[in-house]
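Heads up, the chain below is alone and in the form predicted alone; it's given as structure tokens.
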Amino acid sequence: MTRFLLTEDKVITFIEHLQKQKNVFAPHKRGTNSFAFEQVSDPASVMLDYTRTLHSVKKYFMPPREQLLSFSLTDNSFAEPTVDPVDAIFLGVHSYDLQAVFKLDHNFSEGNPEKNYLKRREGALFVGVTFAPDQWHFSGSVGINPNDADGFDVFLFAVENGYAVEAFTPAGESLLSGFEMSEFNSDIPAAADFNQHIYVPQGKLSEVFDNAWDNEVWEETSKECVGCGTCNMVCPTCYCFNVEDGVDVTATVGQRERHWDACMTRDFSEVAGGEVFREELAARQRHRVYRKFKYISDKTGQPWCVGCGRCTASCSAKISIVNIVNKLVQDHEQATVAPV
């Protein structure tokens, strides 16, 4: 398909063009070094050159807290709230965050489809942008390149003085229709190198994790971990939630809500009677990492981690999932090396 040149001086006009078609959500700067996806009101506030957002676009399809139903205890009736499609343009999405959305699509479509999530996903269009890996990104290790346009409707490749713009779907072509740009006929610059790596592919990791259950790394990591669950809350592919019923002070009406939950917290695996199935932090850390590289991956053949680096960047103890996996790989290779 044809590529076009979007010069820096036309970016704001381009965003205004998108706003005429749908609501637009894009990264905004928050504080000194943080960024967050928010609905665009002022195109000049959009940040396309950013490291990562605090949360991914997951929050629009799976809200941190949502009401599932309201009920009456007087007549035993209940009502479900209306869930509408987000039906918006998500501008400035990094490749790893879109791949995370596709993984959630898989999770919420198999078995009993999750209707609220799938309804919100309807009509969403994605305009991607290149990113420069920082010290925490490692998406290249899970097959996701900074210039990876797979699945996007439109992608913005960073070039000198602007972006090379390419549409990949009919919906993407429609987004660009009517916006005047000259053709871009040069080569796209190579993506920047990553600063950290997982050194074996997923096929090898499956074998590594077959023999990693009792590895000492879980206990070592737990000495630093405080079990706060931040790594779960910022992860774009975590989707666990808790469901709670609440009754108002009249004890006549109430509502059922669900909210994001975290397997790194103690009460996540607590059941009636106070039994906790993963009491120790080491067991919780192991479960978290196995969820990203073993349990679902054995079914799909893909890692369920997208290498965004949020878990390490947000961890108060700076626990690195890359270091954990590479330690497992190193120990596995040492254990399986043929004797001389």
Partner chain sequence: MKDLYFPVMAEITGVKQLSPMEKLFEITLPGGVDLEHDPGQFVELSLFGVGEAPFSVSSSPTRKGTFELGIRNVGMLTDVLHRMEAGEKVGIRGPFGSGFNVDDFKGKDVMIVAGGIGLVPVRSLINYVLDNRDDFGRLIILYGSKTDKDLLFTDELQQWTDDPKVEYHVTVDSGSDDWTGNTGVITTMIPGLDLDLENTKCVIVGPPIMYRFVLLSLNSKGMPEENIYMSLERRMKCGVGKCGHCQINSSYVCQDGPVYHYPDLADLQEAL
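Here, rigid core means the biggest group of C-alpha atoms that superpose within 1.5 Å across both forms. Because the structure is a prediction, the values reported are computed rather than measured. Numbering follows the first chain given and starts at 1.
A second form of this protein, the form predicted in complex with its partner chain, is not displayed here; the remarks below concern that form.
Visitor: 132, 247, 190, 171: which sits within 4.5 Å of its partner chain in the predicted complex by any heavy atom?
Guide: When its partner chain is considered in the predicted complex, the option within 4.5 Å is 247.
Visitor: With its partner chain left out of view, choose which of 87, 267, 207, 216 has a non-hydrogen atom within 4.5 angstroms of it in the predicted complex.
Guide: Only one listed residue qualifies here, and that residue is 267.
Visitor: Based on heavy atom distances of at most 4.5 Å to its partner chain in the predicted complex, which listed stretch, 233-241, 140-148, 172-180, 123-131, is the contact stretch?
Guide: Of the options, only 233-241 has residues within 4.5 Å of the partner.
Visitor: Could you tell me if residue 78 has a non-hydrogen atom within 4.5 Å of its partner chain in the predicted complex?
Guide: Close contact exists here: in the predicted complex, residue 78 approaches its partner chain to within 4.5 Å, heavy atoms only.
Visitor: Although the partner isn't part of this model, could you tell me whether residue 110 comes within 4.5 Å of its partner chain in the predicted complex, counting any heavy atom of the residue?
Guide: Yes, residue 110 sits close enough to its partner chain in the predicted complex that at least one of its heavy atoms falls within 4.5 Å.
Visitor: Might residue 44 be said to contact its partner chain in the predicted complex, defining contact as any heavy atom within 4.5 Å?
Guide: No.
Visitor: Since only the chain is shown here, I'm wondering whether residue 49 would be in contact with its partner chain in the predicted complex (any heavy atom pair within 4.5 Å).
Guide: No, residue 49 is distant from the partner.
Visitor: Taking its partner chain in the predicted complex, which residues along 42-78 bring a heavy atom to within 4.5 Å of it?
Guide: Going through 42-78 in order - heavy atoms within 4.5 Å of its partner chain in the predicted complex - the hits are 68, 69, 71, 73, 76, 77, 78.
Visitor: Does residue 72 move its CA by 2 angstroms or more between the shown form and the other one when the core is aligned?
Guide: Yes; that C-alpha moves by at least 2 Å between the shown form and the other one.
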